[in-house]
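Quick setup: one chain, the form predicted on its own, written in structure tokens, and binding and motion questions come after.
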Amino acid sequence: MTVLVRSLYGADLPCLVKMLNDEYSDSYEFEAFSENSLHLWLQGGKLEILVAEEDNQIIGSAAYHNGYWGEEIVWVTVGENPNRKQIENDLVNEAQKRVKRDAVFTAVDAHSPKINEWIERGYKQEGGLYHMVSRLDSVMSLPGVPSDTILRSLRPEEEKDFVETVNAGFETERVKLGTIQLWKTESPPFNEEWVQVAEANRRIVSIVAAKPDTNHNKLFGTSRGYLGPATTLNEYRGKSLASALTVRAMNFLFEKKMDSVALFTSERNTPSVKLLQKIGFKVGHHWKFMRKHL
């Protein structure tokens, strides 16, 4: 029987949701898919979903996303089928046709045997991502910073400065005007007080934002905080500002009755990883980026 790879129809959603939840239920900190969550993701233009159909039955799916980390194949899954690898390859090939630039990547668990399957498709390991977590048991002492630097919370009238500093530090548009209000809506009781900044020469030069880890707390009944984005302007690096603000943010979360905190960082950002391990963070999970240059 011929397998057809096509775009998702609305009527496919119930079958797709079941397939994804069956496939990924054992994955790290799994958040179940729903028809509503997928619909919102699609509606926001953030996702293109493909399905593989055989004899009028959905037997597989892939998704493409052009996001912050680059152009990504978010998932590829095929149910029990003797031709699983070929169907997955067909889905990957179709997803690759959506790529607008010269490369595409996917994230795979660091110890997954599926890494070899991506290598067979022409993908290579290029870095990876750590999810790092730490317990919050007490207030910690802040590392020392230059005497002319002020550590404080962001003020409500400083959103423009916040946006400019974050984007300059990342050298890309990471946030925009309206982000603070969006976080207030998505993660109450977040407000400007949750954003820790370092001020030097009457200018914000380093930032660490803290928020409630809202989805995780709802799903797992926890009291976990989340840190990010965090950045320091190039000319102010090496002055312990990131360390001090991270500890200050952790202390703030502890005072807000959070018992743990999490963040994401690139495995290649060795200074950040060492800094975080020094103040109590451990790697909760590790993904490898598999990238193909087209």
Ligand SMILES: CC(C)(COP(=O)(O)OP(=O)(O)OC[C@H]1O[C@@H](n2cnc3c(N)ncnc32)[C@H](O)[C@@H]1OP(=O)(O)O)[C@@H](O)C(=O)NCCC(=O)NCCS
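Just count from 1 along the sequence shown to find any residue number. Source: prediction; values computed, not measured.
One more form of this protein exists, namely the form predicted in complex with this ligand; it is left out here, but the text below deals with it.
**Q** Of N66, S260, T232, N251, which residue is found within 4.5 angstroms of this ligand in the model of the complex when only non-hydrogen atoms are counted?
**A** Exactly one residue meets the criterion: T232.
**Q** Heavy atoms within 4.5 Å of this ligand in the model of the complex: which of the stretches 24-32, 40-48, 241-249, 56-64 has them?
**A** Heavy-atom contact with the partner occurs in 241-249.
**Q** Does any heavy atom of P271 come within 4.5 Å of a heavy atom of this ligand in the model of the complex?
**A** Result yes; P271 sits at the interface with this ligand in the model of the complex.
**Q** Is there any non-hydrogen atom of F220 lying within 4.5 Å of this ligand in the model of the complex?
**A** Judged by the heavy-atom cut-off of 4.5 Å, F220 is well away from this ligand in the model of the complex.
**Q** Applying a 4.5 Å heavy atom distance criterion, does R237 contact this ligand in the model of the complex?
**A** Close contact exists here: in the model of the complex, R237 approaches this ligand to within 4.5 Å, heavy atoms only.
**Q** How about L275: is it within 4.5 Å of this ligand in the model of the complex, going by heavy atoms?
**A** Yes, L275 lies within 4.5 Å of this ligand in the model of the complex.
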